[in-house]
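Given next, in structure tokens, is a single chain: the form predicted on its own.
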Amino acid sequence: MLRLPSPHSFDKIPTPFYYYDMGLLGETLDTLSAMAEKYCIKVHYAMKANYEGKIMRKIAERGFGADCVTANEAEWAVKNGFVPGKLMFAGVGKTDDEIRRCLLLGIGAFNCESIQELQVIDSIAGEMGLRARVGIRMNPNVDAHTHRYITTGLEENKFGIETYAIDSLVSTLKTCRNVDFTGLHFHVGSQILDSIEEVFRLTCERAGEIVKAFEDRGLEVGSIDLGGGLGVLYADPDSALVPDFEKWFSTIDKYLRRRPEQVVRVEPGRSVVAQCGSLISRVLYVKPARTKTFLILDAGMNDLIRPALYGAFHLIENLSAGFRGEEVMQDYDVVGPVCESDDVWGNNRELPLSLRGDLMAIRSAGAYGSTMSSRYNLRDLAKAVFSDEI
């Protein structure tokens, strides 16, 4: 059950809203910090998962860097306490304006995803009289065994440079006059759970082969960035509120060949913030139908698009029923108010007897919830509420 300061903490807060358990976020960051120190791995938070300022500042206080995919993200990271030199700028479609802004910001490195991008960064840096630090994102062709929309490491995906282009890539790097090569970047996908050791073993082994290929061609690889990918338990969040960072980091430590002076980086996002956030909603109507009963909530797919976009599962809890000790259970189709048939939170969900006005929690919504929200149907954006402020 969602941890609340008191049974009626939410009574006067207009729904829907995002509720963030800052105590749980602190526990998660404690574990992540301990693992980073134990295994000598640098952490860069993938801020596309959640960029609420208060959450960003709490992460930045731990000395972590950030993984950004737009210049806006990079500038927002700095505004919220991240050190520019610890920012990594990834993404397949960096604009000229974004490149200029990040050069002026003094970011740690651009992770280039094509040879042409490398040439553009070199040219722009030269025009500005600056030097650009660049890493190269390689596509290792490793299957992450996850949803096809969040798989990024196969040759059929748009991300990274395929290994057949290494000779051309190295030749281009050697002719660039305004860039400093920092290392290699790999990322194979997200929400990796059941096959953590297998996927990251393959990624580490493949990364080692690619690092060797670069160094055999005369380019020293100072940094190996293995991206993110560690998943969270959406179906049973309370069984693992803090993800298994130990298994992830120990797998990297076991299988990645690295010299003592080589820097190893990871970019967790979902695993840092998913479980600390819940989308809180109210039951607008209980609507019986011939074969089912609908619970119509005031939160919709514009607030949290993952179920509609991915078919993603989120645990649903009736907080009000828990407060009143309701024991009668019933199956419901839980839906939202948006004018789309896929605005559905879950079909045939067994919940306590639910009434109009009941508070509902859609769990594990701290990652890719508010950041992917929209004003579709001209609906208001859900506000953020923090546990240490109520």
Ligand SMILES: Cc1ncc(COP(=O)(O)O)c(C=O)c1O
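Residues carry their position along the shown sequence, with the first being 1. Just so it is clear, the model here is predicted, and its values are computed rather than measured.
Not on display, but discussed next: the form predicted together with this ligand.
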TL;DR on 189 to 197, 282 to 290, 124 to 132, 92 to 100: the one with heavy atoms within 4.5 Å of this ligand in the predicted complex is 189 to 197
Which residue, A46, V43, V334, I362, is the contact with this ligand in the predicted complex, using a 4.5 Å heavy atom cutoff?
A46
Single option in P268, G108, P243, G183 placed near this ligand in the predicted complex, where near means a heavy atom within 4.5 Å
P268
Does the 4.5 Å heavy atom contact test between G277 and this ligand in the predicted complex come out positive?
no
Do H314 and this ligand share at least one heavy atom pair within 4.5 Å in the predicted complex?
no
With a cut-off of 4.5 Å between heavy atoms, is G300 one of the residues that contacts this ligand in the predicted complex?
no
If you check in the predicted complex, is R306 within 4.5 Å of this ligand, heavy atoms only?
no
Just give me the residues of 65 to 81, first to last, that have a heavy atom within 4.5 Å of this ligand in the predicted complex.
D67
